[in-house]
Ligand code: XIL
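As structure tokens, one chain now follows by itself in the form predicted alone.
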């Protein structure tokens, strides 16, 4: 496989963000990287540090700080919801493009690369689709054609504007599911079989020859037992290897990076080893949805610093582990936090028993946390010979 260092979109972002954010050193004002954005510091290594974007927050005139930080702090953006199928086609045959178009236009104005999220997922599907399959009014053959049409329509609309597409999302089960042996899960596998994954990548490639096409999943930061029956990372690795052997145009694997401070998470060398192993298949890698949540005990909610501080420190350490591993492997092209402020984090609304939160790199008042500072320091102090510019693959045919 012939490699190149940059995609066209990446080059534009690198040049422009660096120009906008770099302050030239003078005799009276020495170079100070601590004043630079995550975007600028990441692009020193060719790494795009990005964020997921909540469009309601972006459009909230009473909260200009959100828009300011999205546009100034990050080199790439991912739409939290407005590019998912239920948002794009709430009524069959009638597309609502306005929010997604606005998101892509915002990124273009700010010279930011776009991660397209997501083409195929078993969640956030339009009700007309799932109910039609359930009542038999949509046959399996028609369902496959609807999926092909959806992928083709969406990718064609944003052709040339998307750097990385999450083509298939969360297709693999977890060890705690039933059955416990890992398998292909969810609506699409149940109705079309696992072959839909290869089909989805081929349809996406036909619609846009230049976008990088990713498989995206959680709990694949490092290898465990190495047994694909219970090691999700191994299962995804074997899947990727098989897809590559079939000539499927999969360009990358995204590890979401949703972590929690209450768990025994992996160290930097374990995560680095996993990225290197995926890189050995000839695919790019990325961290696509990073956040690190903590349990909100009564003491935490009451403001007890003795319980809050250890959680903030553990959070910073976990953000840093993923960043250092990404920097160490040249195929790791981007590091995206799944929202940057606790004010709009998805975590409290999803994890309520017990309640969890504190998951992002800024607090609810947009004050940077220890995690933000650790990410910044990782980017500042990294360099040759261990951290080198990124190598991005050419999109596969």
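Positions refer to the first chain, counted from 1. It should be emphasised that the depicted structure is a prediction, and the values quoted were computed from it without experimental measurement.
Only in words, not in the display: the form predicted in complex with the ligand, which the text now covers.
- Residue 289 is the only one of 251, 73, 289, 89 with a heavy atom lying within 4.5 Å of the ligand in the model of the complex.
- Proximity to the ligand in the model of the complex, taken as a non-hydrogen atom within 4.5 angstroms, holds for one residue of 80, 208, 231, 221, which is 80.
- Contact with the ligand in the model of the complex, defined as any heavy atom within 4.5 Å, is confined among 173 to 181, 264 to 272, 251 to 259, 100 to 108 to 251 to 259.
- By the criterion of a heavy atom within 4.5 Å, residue 315 is excluded from the residues contacting the ligand in the model of the complex.
- The closest heavy atom approach of residue 188 to the ligand in the model of the complex falls outside 4.5 Å.
- Proximity of residue 350 to the ligand in the model of the complex falls within the 4.5 Å heavy atom cutoff.
- Contact between residue 84 and the ligand in the model of the complex is found at the 4.5 Å heavy atom cutoff.
- Scanning 101 to 130 for heavy atoms within 4.5 Å of the ligand in the model of the complex gives 117, 121, 124 in sequence order.
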